[in-house]
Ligand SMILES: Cc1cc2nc3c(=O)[nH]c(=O)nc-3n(C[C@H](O)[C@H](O)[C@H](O)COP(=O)(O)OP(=O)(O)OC[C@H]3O[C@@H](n4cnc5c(N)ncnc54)[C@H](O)[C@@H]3O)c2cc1C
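Shown next as structure tokens: one chain only, the form predicted alone.
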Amino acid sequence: MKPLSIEIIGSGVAGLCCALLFAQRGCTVTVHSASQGFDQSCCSWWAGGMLAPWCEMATTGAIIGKLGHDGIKFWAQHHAGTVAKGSLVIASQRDLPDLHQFAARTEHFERCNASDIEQLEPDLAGRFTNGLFFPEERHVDPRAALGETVALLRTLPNVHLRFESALSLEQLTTPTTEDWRIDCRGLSARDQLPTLRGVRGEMLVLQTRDITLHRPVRLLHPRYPLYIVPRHDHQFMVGATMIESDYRGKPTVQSVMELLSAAYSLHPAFAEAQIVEMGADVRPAFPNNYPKIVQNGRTLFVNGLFRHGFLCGPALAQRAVDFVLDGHIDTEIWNEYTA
């Protein structure tokens, strides 16, 4: 039987995961993207890269834990740079009630005292006395992970990358000539998914040799919760705000001050760090903040990943493949198109 032809729109984490998984099942895949590939115009460029389904369950629902567990398995298989050192959640003494509430809403963690925290993160010794360690969680550098994915796709003879080839609205609303179209445009798909909204996220990249962290650390803070993710060359990704806004401009002074203040609360050494990069983008979300696959004829919209792109994107891509090739539907995330 002739392999199915799949047209994918978008080169962020959802689009590239779909491209890889369809190609691995023998489909002929064509990726169309308005960008030069995975670059600064993609929301995924500004992601934290935390694969933390159980941490996320504390503020979302069980479906994120389920999808995220699949996401961890995907990156462990497809990205050699996946770091398997868990994640740590801590709070100051005054914020311990928040830590207890966090623990009550999640699972797969170990409670930590001051000695445990010192063993996990020696540079935080004496600063925090209570925490939660999630040993099964992981993290990736998003730019390295998707850069590696693009490089792999370029080697596959059944994959055609059409970067800087945006389709017009007329083309997007005309039935595809391929067997299936997978629309992964994020917030740009609001022209066909009107319930999508934008959630602005801002982030910093700091560099300092004065502190070492081995895993993502979340600080529960009453005004501006913080996560810090270690990256290469003594750099740290610091994020992130969640602002109901479609504005894609530069980070605001208020947000930068809040992120820096929270980083200083974690460790004063961050006061001497260099600011390597500041960035912002708008993440696509549906009203309930859960991702969806929406079917409209032979088009599937894979969207609404909110702040869970790297965590849940691979799982949604796999479910799109399972439907197109095997007829399987995951009813928890499946929706029929309504204008």
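Everything numeric here is computed off the predicted structure, so don't read it as measured data. Numbering starts at 1 and runs along the sequence shown.
Same protein, other form: the form predicted in complex with the ligand, not shown, and the subject of what follows.
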item: Non-hydrogen atom within 4.5 angstroms of the ligand in the predicted bound form for each of I182, T299 and A315; value: no
item: The single option of F109, F102, Y227, F128 touching the ligand in the predicted bound form, heavy atom within 4.5 Å; value: Y227
item: Of C27, C43, I63, A58, the one that lies within 4.5 Å of the ligand in the predicted bound form (heavy atoms); value: C43
item: In the predicted bound form, segment of 78 to 86, 235 to 243, 149 to 157, 262 to 270 with a heavy atom within 4.5 Å of the ligand; value: 235 to 243
item: Contact of G68 with the ligand in the predicted bound form (heavy atom, 4.5 Å); value: no
item: Contact of M203 with the ligand in the predicted bound form (heavy atom, 4.5 Å); value: yes
item: In the predicted bound form, A34 touching the ligand (heavy atom, 4.5 Å); value: yes
item: Any non-hydrogen atom of I211 within 4.5 angstroms of the ligand in the predicted bound form; value: no
item: Neighbours of the ligand in the predicted bound form among 301 to 320 [non-hydrogen atom within 4.5 angstroms]; value: L305, F306, R307, H308, G309, F310, L311
